[in-house]
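Here you get one chain, nothing else, as structure tokens; it is the form predicted on its own.
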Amino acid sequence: MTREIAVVAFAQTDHRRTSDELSEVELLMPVLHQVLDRTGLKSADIGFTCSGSSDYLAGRAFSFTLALDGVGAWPPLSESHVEMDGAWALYEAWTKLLTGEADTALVYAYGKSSPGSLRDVLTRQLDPYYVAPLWPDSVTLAALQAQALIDAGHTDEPALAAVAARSRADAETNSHAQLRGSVPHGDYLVRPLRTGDCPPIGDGAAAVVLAAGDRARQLCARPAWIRGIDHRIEAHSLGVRDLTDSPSTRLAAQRTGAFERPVELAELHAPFTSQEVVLRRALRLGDDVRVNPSGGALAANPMMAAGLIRVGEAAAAVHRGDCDRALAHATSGPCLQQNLVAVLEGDPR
């Protein structure tokens, strides 16, 4: 890399089960104002803007164009969009800054899952010939993965319940989380997963500001430097994958240099408790690494924004001085199909 690029600010909404009274623009605007206020920048100072969202959630084509009203129609802006989680929008913005065509970037993502049945909507990402016609929903597929892990001896139901309890206990200090504290593990939703093993369905948005080199140091007292970022994908067909492992996560981590030195903190986008088991093994995270101190996706999982939030939470920990080296992970697709890994570091203290 020829330029140093850092996350210099992060903001997110309070995640809620429903936000019927708000449009996507109204959901997004306070977050955009907050993240810019934290840097002292205005919309006109941003060199590149990139967003992540899903037309399937909104129920209309090119829905992201309406959200641009939240950014502002004037002055004209350099803008792009990915039909994915905002973590991939951050990756595009990072590459844009690497080229030197911009020194700052605004990245945002949002999703309103409450208007429809999310479990049905997510079937649209499956293989349209062999899998989607069977209508297996996201929870059913996650349950297949969880059972494969149990059968392989990598975990058991009490261990999965402990992951859920720890995550939601950690979320006590996260005012933005949708679920906090003692949450009943509940009945089986799809065996072996209980309701407590699954993420809440809700609405939310998040945004980060990236900056390069000296500009980052001007905007943030302790920038979270992106030392490496990479994303990889598994085969589309679930039948040719080992659901107990995540080679794409491991490869992305290798490409970022995550295994060169230990990390102190990891924000993992693991919507189901069983997926944290897979990711911990793929990323070689020991018990000394704090995993999801924000509560993770088990505490709040706004579709299309939860992965960007993992990067933002890891960066915020560096900003506060809670750690010097952190790992962030985002996923997309069924059973951890596509995975992004980023390593963030603060300046030496």
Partner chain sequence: MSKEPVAVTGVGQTKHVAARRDVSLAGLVREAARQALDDAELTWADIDAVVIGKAPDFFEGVMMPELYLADALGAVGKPMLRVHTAGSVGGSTALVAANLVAARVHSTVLTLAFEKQSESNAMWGLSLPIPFQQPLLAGAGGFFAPHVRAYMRRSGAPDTVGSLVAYKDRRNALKNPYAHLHEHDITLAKVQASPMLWDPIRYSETCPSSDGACAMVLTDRAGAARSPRPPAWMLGGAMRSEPTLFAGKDFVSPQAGKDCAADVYRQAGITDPRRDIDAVEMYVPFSWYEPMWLENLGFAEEGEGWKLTEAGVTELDGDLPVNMSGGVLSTNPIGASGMIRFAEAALQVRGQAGEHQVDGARRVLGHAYGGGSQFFSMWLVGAQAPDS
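Quick caveat: nothing in here was measured; it's all calculated off a predicted structure. Residue numbers count along the first chain shown, from 1.
From this point on, the text means the form predicted in complex with the partner chain, which you will not see here.
Just one listed stretch, out of 163-171, 188-196, 250-258, 219-227, contacts the partner chain in the model of the complex at the 4.5 Å heavy atom level, and that stretch is 250-258. Not displayed here, the partner chain is approached by Ser80 to within 4.5 Å at the level of heavy atoms in the model of the complex. In the model of the complex, no heavy atom of Leu28 sits within 4.5 Å of the partner chain. Although the partner is absent here, Thr95 lies within 4.5 Å of the partner chain in the model of the complex, judged by heavy atoms. Not displayed here, the partner chain is approached by Leu66 to within 4.5 Å at the level of heavy atoms in the model of the complex. Listed residues Ala142, Leu243, Met84, Ala270 were compared with the partner chain in the model of the complex; Met84 is the one with a heavy atom within 4.5 Å.
With the partner omitted from this view, the residue of Ala152, Ala159, Leu134, Ile233 that lies near the partner chain in the model of the complex is Ile233 [heavy atom within 4.5 Å]. Contacts between 97-119 and the partner chain, taken as any heavy atom within 4.5 Å in the model of the complex, involve Leu98, Thr99, Gly100, Glu101.
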